[in-house]
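To begin, one chain is listed below as structure tokens, in the form predicted on its own.
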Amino acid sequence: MIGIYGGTFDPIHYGHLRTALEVKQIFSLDEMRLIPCSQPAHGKIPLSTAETRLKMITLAISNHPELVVDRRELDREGFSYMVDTLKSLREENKDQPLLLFIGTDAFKGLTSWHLWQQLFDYAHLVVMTRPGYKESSLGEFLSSKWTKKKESLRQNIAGYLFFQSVTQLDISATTIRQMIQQGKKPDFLLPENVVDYIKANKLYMSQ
């Protein structure tokens, strides 16, 4: 099974890395791919360039071979639609279950995503939740996809919705950028080599 974890990663931090590693272990994934978004269809445009964010991810996971960076969205023109990313991954991995991991905030806005229902044609959708999270009314389509059986994700290559509680660190990239702009140290919120890269390249010092 292959895990997919997308985001702007501007910058990548321990909140991203901890959840990526945790779900890799929970689901016994063969591979966990971190996919930086080039041009978000929703949300703010990243402050750092695509290549800069890619470099920070590469540094952050340099000692973790179980995590892999995938640059396909950076090499594709136009908006970074997840449905296109999953379609290309499915073409490369015809018989492998694909698991797309998203947080609860992203899940709340799922129905605004481009061709969102087609995501399930290519992958399973795993929502990473806080302990004690209760699923609200899902609607007819999502209810039809929902399973409580983790083994269903391994037995089928796509098509299911699953909720998984994970350890969530209360760290945000926005807060980190604000700290740097204010001259405060972001140490212990993201890997030291990423902090050094940010300092060396004077990233986020003005917004």
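Don't overthink the numbering: it's just position in the shown sequence, from 1. All figures in this text were calculated on a predicted structure; none of them were measured in a lab.
One more form of this protein exists, namely the form predicted together with adenosine-5'-triphosphate; it is left out here, but the text below deals with it.
Note on the partner interface in the model of the complex: the residue among 155, 63, 174, 182 having a heavy atom within 4.5 angstroms of adenosine-5'-triphosphate is 174. Listed residues 168, 164, 52, 38 were compared with adenosine-5'-triphosphate in the model of the complex; 168 is the one with a heavy atom within 4.5 Å.
The shortest heavy atom separation between residue 44 and adenosine-5'-triphosphate in the model of the complex is within 4.5 Å. adenosine-5'-triphosphate in the model of the complex comes within 4.5 Å of no heavy atom belonging to residue 97. Within 4.5 Å of any heavy atom of adenosine-5'-triphosphate in the model of the complex lies no heavy atom of residue 92. With a 4.5 Å cutoff on heavy atoms, residue 105 counts as touching adenosine-5'-triphosphate in the model of the complex.
In short, of 67-75, 80-88, 97-105, 115-123 it is 97-105 that has heavy atoms within 4.5 Å of adenosine-5'-triphosphate in the model of the complex. Annotation for 1-35: interface residues with adenosine-5'-triphosphate in the model of the complex are 5, 6, 7, 8, 9, 13, 15, 16, 19 [heavy atom within 4.5 Å].
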